[in-house]
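As structure tokens, one chain now follows by itself in the form predicted alone.
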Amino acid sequence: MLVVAGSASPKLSARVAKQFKCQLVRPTLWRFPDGELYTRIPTELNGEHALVVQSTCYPQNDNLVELCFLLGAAKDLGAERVTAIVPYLAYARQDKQFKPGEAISIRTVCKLIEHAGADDFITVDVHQEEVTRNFSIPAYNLTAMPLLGRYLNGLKLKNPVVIGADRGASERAKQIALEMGVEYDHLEKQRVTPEKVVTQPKRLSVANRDVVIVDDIISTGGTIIEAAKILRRQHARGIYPACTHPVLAGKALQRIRAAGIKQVIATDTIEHRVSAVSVAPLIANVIH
């Protein structure tokens, strides 16, 4: 077994290789004058199980093409088995057609990865579980929520409560809360009058408690900022956003910090300075 490190996931690749005590291969990558990508895996893979680790975060298209090239190169070098480890899967939110003629983009992305040479596929906290059904190869969606829960448990929060950013995040909040041994809830909009809608935790009080706000992705930060405002109005003590994928597009992190949130806690599915938790043990466990 060996690990092939995609350029979007160098730290995670090294951590996965360390889990297995196996060789880490860094491909040769450069661009031709016209912008085309040159890719070469500089080692023999004949009969090996190759783990290709590459997130498809920004720039999504470049990282996706690199992933496909690495999968194909690994197959061409005679790897007996090629596992595509794509901790953050781009286009996963484009999984439905709302207007005629719209591309169901994730379906095409899954076909590309499969036909490029993947024998199986691993991702983490994909936006919708159904996405993995687009593959005809074995495909696994892991969750980093227990890992985040263990990390948060070490922060010594005061009477903490875990809140899902919306109803869809309720199950993720539950997984973190179970790891921490605390209560959980989710934010829900309630119509008080025909003209007035309030957003609040469905059943729990957050007054004088540290609150962990959970979501799978923090992209623009808008959801987290609005949730923090709501929770502060209800006298929450401290706000701790936690997510698997720190997309943090544009100036999202600056906006979050300007809203008075000091710390964002995320994993290394996307390698960012807020990536405090590694998913390498999670990946190693499913491969074992």
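Residue positions are given as counts along the sequence shown, with the first one as 1. For clarity, every value in this text was computed on a predicted model and none was experimentally measured.
This next part talks about the form predicted in complex with a further copy of the same chain, which is not shown.
K.L.:
In the model of the complex, which of 122-130, 137-145, 109-117, 178-186 comes within 4.5 Å of a further copy of the same chain (heavy atoms)?
P.N.:
Every other range fails; the passing one is 109-117.
K.L.:
Looking at Q234, N46, Q254, N61, which has any heavy atom no more than 4.5 Å from a further copy of the same chain in the model of the complex?
P.N.:
The option sitting close enough to the partner is N61.
K.L.:
So which of S105, S170, N153, S205 reaches within 4.5 angstroms of a further copy of the same chain in the model of the complex, heavy atom to heavy atom?
P.N.:
By the 4.5 Å heavy-atom cutoff, the listed residue in contact is S105.
K.L.:
I'd like to know if I239 sits close to a further copy of the same chain in the model of the complex, meaning any non-hydrogen atom pair within 4.5 angstroms.
P.N.:
I239: no contact with a further copy of the same chain in the model of the complex.
K.L.:
Just checking whether A227 would be counted as a contact of a further copy of the same chain in the model of the complex - the rule being heavy atoms within 4.5 angstroms.
P.N.:
Heavy-atom contact with a further copy of the same chain at 4.5 Å: absent for A227.
K.L.:
Taking 4.5 angstroms as the cut-off for heavy atoms, does V82 touch a further copy of the same chain in the model of the complex?
P.N.:
V82: no, not in contact with a further copy of the same chain in the model of the complex.
K.L.:
Heavy atoms within 4.5 Å of a further copy of the same chain in the model of the complex: does N159 have any?
P.N.:
Judged by the heavy-atom cut-off of 4.5 Å, N159 is well away from a further copy of the same chain in the model of the complex.
K.L.:
Identify whether a further copy of the same chain in the model of the complex is within 4.5 Å of every residue in the set V65, R93 and S219, based on non-hydrogen atoms.
P.N.:
Judged in the model of the complex, V65, R93 and S219 all sit within 4.5 Å of a further copy of the same chain.
K.L.:
For the heavy atom contacts within 4.5 Å of a further copy of the same chain in the model of the complex, list the residues of 25-41 involved, in sequence order.
P.N.:
The stretch 25-41, when checked against a further copy of the same chain in the model of the complex, contributes R31, F32, P33, D34, G35, E36, L37, Y38, T39, R40, I41 at the 4.5 Å heavy-atom cut-off.
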